[in-house]
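We've got the same protein chain twice here, in two forms, each standing alone as structure tokens: structure 1 and structure 2.
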Structure 1
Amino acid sequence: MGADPTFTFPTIVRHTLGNGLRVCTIEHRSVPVITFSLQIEGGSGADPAGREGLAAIVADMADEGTGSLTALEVSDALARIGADYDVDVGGDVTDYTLTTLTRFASRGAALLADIVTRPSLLESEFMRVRQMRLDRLRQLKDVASAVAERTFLRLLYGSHPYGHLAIGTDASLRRVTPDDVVSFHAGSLQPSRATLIVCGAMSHEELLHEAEEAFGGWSSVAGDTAGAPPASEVAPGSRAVTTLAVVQRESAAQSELRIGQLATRRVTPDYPALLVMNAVLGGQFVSRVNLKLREEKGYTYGARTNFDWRRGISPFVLQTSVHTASTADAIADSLSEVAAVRGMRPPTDAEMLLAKASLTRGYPRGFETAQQVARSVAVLSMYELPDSYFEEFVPKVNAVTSADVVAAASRHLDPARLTTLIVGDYSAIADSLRSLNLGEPELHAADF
């Protein structure tokens, strides 16, 4: 194989508008397409206790009518410029992203500004949006992976602001009022709490001009937004760890599994070592967990691990869906793989080479489209990482040693604190679970 090709990472130019809005411009010229991505402080972790799901309702309602446009007119305007519009409500921030053709840049920017800064937030639309979300929750009860995701967050975080899905619960959605929506919007959607990323086939000056024209008139609402501290600053309570939990799913063909624990923050200095560890353990097809559970045993269509990164303490999770009859065996193999990477079986030279190479050699691939670049810059903004981050990524990963991986795994993973959750047919697997010696399982309902 030849030498790794050189790649020039995009240059980010930073600006601040008069209203305090931070703007990042990035020239990206392969195709006449432009992406605007507005990142606002506060995601589902900012939901007031008892009103879980509020942040997501606000995000959902943003395009349900703005200024003089009705909800259907907003949708029509988006369609007329072929826009790809999406909102992502994370634990810490909410990203509003619009991609369109460069020739529609001004119309796209103006629409996004309308959506974010001037939504109508009508009570009638609120009732409709909330009802749709309640109905969706009802449907999610039948989706094994959704049940697993919801239950696992609650098992790990308890009542912590990260302990719920963005959609909330039936009870919490019913408590949300139209006034909650208006005040949450006013408190959180302010230029001083936002970063706009503009990436497309124009010069930095032109990109900045588009941002200025659309967002320059966005004025800061008076009033303090402090309220509750950000979710990332709330320490998870020192709860007793649930070792084994089951959500009954009668005659399920498979058991949906989650095995994990709260680990560390995204900004840990161990981040590169943990990335490599994850690649060895479960981050890619050839990782230990997938090779064992899928390629050696045939228990599953696939198994993987990942860190669900947030600004605050983030979970490490192994997830898979296995044939009901193989449930206990698959759990035993998974637990032993997680334990082994802490020292019993440190990554071999070959595994280290493979993990690092796949992380570093494939890195430029993530900078092909305007949307990909905007998303990468949004990550820098969210974690306040330096602009040199992209350039430093490869050398930092390459510097990780097998001993670093073992040390990082020992610091952040503790087999005694792992929680195993099964969404599956308990009556069919109860006997086999005893062989795991994890104690009697906690039984949970598929509540939403």
Structure 2
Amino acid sequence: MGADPTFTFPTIVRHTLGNGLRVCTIEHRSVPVITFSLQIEGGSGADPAGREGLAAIVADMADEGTGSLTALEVSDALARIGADYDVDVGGDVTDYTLTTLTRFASRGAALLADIVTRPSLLESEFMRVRQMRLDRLRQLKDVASAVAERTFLRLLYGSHPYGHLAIGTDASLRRVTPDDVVSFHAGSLQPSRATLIVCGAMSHEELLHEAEEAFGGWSSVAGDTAGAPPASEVAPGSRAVTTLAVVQRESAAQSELRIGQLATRRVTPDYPALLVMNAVLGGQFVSRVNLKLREEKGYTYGARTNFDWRRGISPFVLQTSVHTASTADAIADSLSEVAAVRGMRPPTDAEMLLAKASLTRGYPRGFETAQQVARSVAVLSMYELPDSYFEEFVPKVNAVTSADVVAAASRHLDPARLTTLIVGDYSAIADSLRSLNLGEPELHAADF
């Protein structure tokens, strides 16, 4: 393999408007397109206890009409400028993004400002949006992977703000009221709690002008809007590790598996080594877990591992779906591979080469469009990473050694703290699970 190509990330110029809104401008002139990405502090981690799913409802209702436009008129206004609008509710932040042609920059910025800062939040729209989410929850209850994701979060985090899906639960959504939506929007969508990223084929001065024109009049709401501390600052309570848990799905032909633990924060100095470790263990097709469970044993069509990064303590997860009869054997092999990467079987030179290549080859292709660049700067903002982060990424990954991988795995993965969850036919696998020596399983309902 040849040397990795050099990569220079575009210059980021930072500003702060008079209302406290932080603005990042980035010139990107390859095509006449502009992206506005507004990042709001909070996300699903800011859901009030008992009102899980509230942040996502507020985000979903943003384009369901503004002070001057109905929901259909908002949709028509987006279509008239060929805009791509999207909203993403994460554990720590909510991102509202709009991309359009540069010649529609002013209209796009003004429309996004209306959508986010001046939504109508009508009761009729609330009832419709909430019902759609309740219907979706009923559907997810029959999807094994969704049941596994929800249950696994609860097992790892308990009552911590990270311990629920953004969509919430049936019970919590039914408790949410239109007044909750209005109050949450007023308290959380403050310019002082937001960062606007503007990236496009204009000068920094022109990009800043568009931001000021659209968002300069956005004012804070008087009163206490601090609310609860950010989810990232809430320590998971000390609780006994659930070694083995099962959600019963009678006559299921397959078992949906999750194996993992709370590991570390995204800003850990071990981040490059953990990325390489994950690539070796389960982050690519030729990783150890996939080769073992799919290629060697034929238990599954695919198995993978990943870190679900947050500002706060983040989980490491191994996930796969295996034939019911292979459940216990697949768990045993998975646990063995996790333990081995901590030192019993360090990554070989060939594994290190492939792992690094999967992370670095083609890396610049992730920054080709204005939308990609804007979202990358949003990552810097969310985790408070230096502007040089993307330029330093490839050299730092290439500097990782096998010993670094073993050391990082030893610090952040502990076989004794792993939780194994099975969503499958417990009656068919109960006897075989005893061979794992993980104790009697906790039985959980698929409660949505």
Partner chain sequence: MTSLDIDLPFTKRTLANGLDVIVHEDRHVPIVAVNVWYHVGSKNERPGRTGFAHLFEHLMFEGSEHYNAGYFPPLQQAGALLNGSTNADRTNYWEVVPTSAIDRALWMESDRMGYLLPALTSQRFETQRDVVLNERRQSYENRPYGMVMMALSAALYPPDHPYSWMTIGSAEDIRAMQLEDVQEFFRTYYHPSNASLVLAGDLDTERAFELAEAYFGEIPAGVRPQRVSHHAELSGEQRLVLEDRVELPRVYIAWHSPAMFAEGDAEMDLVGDLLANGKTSRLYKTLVYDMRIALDVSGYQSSREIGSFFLLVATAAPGHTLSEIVERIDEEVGRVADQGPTAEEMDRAVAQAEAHFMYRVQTVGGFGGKSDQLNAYNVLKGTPNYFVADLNRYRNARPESVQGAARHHLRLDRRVMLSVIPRGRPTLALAGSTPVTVS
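Only the largest set of C-alpha atoms that superpose within 1.5 Å between the two forms is called the rigid core. Throughout, residue numbering runs from 1 along the sequence of structure 1. Here the structure is a predicted model, which is why all the values come from computation and not from measurement.
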Index of the chain form predicted on its own, chosen from the pair
2
Please determine whether the C-alpha atom of residue 305 is displaced by 2 Å or more between the two structures following superposition on the rigid core.
no
Core superposed first: is there a CA shift of 2 Å or greater at residue 35 between the two structures?
yes
C-alpha of residue 437 moved at least 2 Å between the two structures on rigid core:
no
Just grab the Cα shift of residue 23 between the two structures for me, core aligned, in angstrom.
2.6
Please report, in Å, how much the Cα atom of residue 205 moves between the two structures when the rigid core is superposed.
4.0
